[in-house]
Ligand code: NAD
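Below sits a lone chain in structure tokens, taken as the form predicted on its own.
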Amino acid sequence: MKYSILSNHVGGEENSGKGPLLDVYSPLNGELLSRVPLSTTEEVDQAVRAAAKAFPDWAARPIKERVQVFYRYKYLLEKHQDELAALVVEENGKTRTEAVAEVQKSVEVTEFACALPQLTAGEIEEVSRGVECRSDRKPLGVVASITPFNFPNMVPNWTIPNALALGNAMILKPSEQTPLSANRIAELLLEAGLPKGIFNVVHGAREAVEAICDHPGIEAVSFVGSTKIAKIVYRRASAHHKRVLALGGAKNHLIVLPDAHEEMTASDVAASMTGCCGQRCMAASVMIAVGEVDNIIEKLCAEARKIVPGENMGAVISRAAKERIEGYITEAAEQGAEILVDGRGATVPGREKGFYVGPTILDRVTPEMRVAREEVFGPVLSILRVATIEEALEIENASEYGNAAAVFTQSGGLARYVAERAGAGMIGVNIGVPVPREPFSFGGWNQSKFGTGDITGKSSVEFWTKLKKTTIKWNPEARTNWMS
């Protein structure tokens, strides 16, 4: 085992916990990396009590003082970028380039948190002679963030800097498949000067998630994962009167028009479908080919063949994931899809125990096939052929998801036409992965998101705070009317 057994991080201290241990393997080569505790309801309660104890002093500090911690934290993320990226590579299976990009996005969202004093300044106005009203944003209290395996550094940092800078205390429950990054984040936050107890890590699986949803001391819960679990978390936590923002899965459609730039489109679509092995909610999943675009499809296949597992492509998270992804491919072929590029059976010399799936492109897919409707979460692109933009939009709008959509064209008019009618929360024009940059927020529509607001950017401020309104009168001689 490469690393020691992990512990929960509660009240600024390592806590080994009492739950059973789960083995953590590297997807790259099947190596046993560590063991992680499956925390109990009692251990979640212990973390909540530690957070609640630390919260009042932290919340009472001016926000300009709180964000100083995150200036230092940003510096530490940059200083330890290579180390943090190496952890992501080991536990998630990403390439080094992808892992570095993940850490760099964590830096960006932390940088945004440092600007929160300018974005959250209260308002004050004289509403009547001698009477003033003011509004101020106040923290909620103890909050929780439940994060997935696919971005073990970035997704926790979607919530940590903003929620904490705004004055809350947090419980993080990372994926039990990728727990190493979370503990390192906790160490860096302490080094940056965050008071003990403000950030706590509780490892675990279902029992820990259910305890977070049910705990009366937790005011808000954010979740990122599959739509199936997002629905469960949203219903269970909101039933206990918590604020909930649960991000689910996706089935992102890229609409390619005949006038699209051949090289750029082929390169961007290939990168979108294979980046992070397709294990991201912004990955290209369906390409809707409008009219005659065989020239682009040929170049796309050529680009996909340049992407080789173990060289410039990483591993999928587990053997079960590999088997599930390859099952979708086989089923689609049996139903009549044409396999243009086949990634099944991929192996990497010297890493035979790793979990690899190569880029896969399926042509002649029909809308009723499972591979065209369900989230595969792997490097698999389904091509659906239609004659018109209206047909393409009909398919895109029929999806139960609504995370992202993109259009590839050199016509500004057609791009606007598609962008205005696509049923997704994040739209790309000649961009295969239309992730907004700060301060623009991340969040989809439909079955891709449950709750109000978005998880990053300006929209997140309202989720992590509550508004206090104060009306003030100091002048007893002021003329009195109905407002005073």
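Everything numeric here is computed off the predicted structure, so don't read it as measured data. When you see a residue number, it is the position in the sequence shown, counting from 1.
Although it is not shown, the form predicted together with the named molecule is what the next lines describe.
Contact annotation for Ala205: at least one heavy atom lies within 4.5 Å of the named molecule in the model of the complex.
The closest non-hydrogen atom of Val209 lies within 4.5 Å of the named molecule in the model of the complex. The named molecule in the model of the complex comes within 4.5 Å of no heavy atom belonging to Thr110. At a distance threshold of 4.5 angstroms between non-hydrogen atoms, Tyr73 is out of contact with the named molecule in the model of the complex. Screening Thr95, Ser272, Thr147, Thr409 for any heavy atom within 4.5 Å of the named molecule in the model of the complex leaves a single hit, Thr147.
Among the residues Tyr234, Phe377, Tyr328, Phe199, the one placing a heavy atom within 4.5 Å of the named molecule in the model of the complex is Phe377. Of the candidate stretches 139 to 147, 366 to 374, 116 to 124, 353 to 361, only 139 to 147 has residues whose heavy atoms lie within 4.5 Å of the named molecule in the model of the complex.
Counting a residue when any of its non-hydrogen atoms is within 4.5 Å of the named molecule in the model of the complex, the one hit in 387 to 411 is Asn403.
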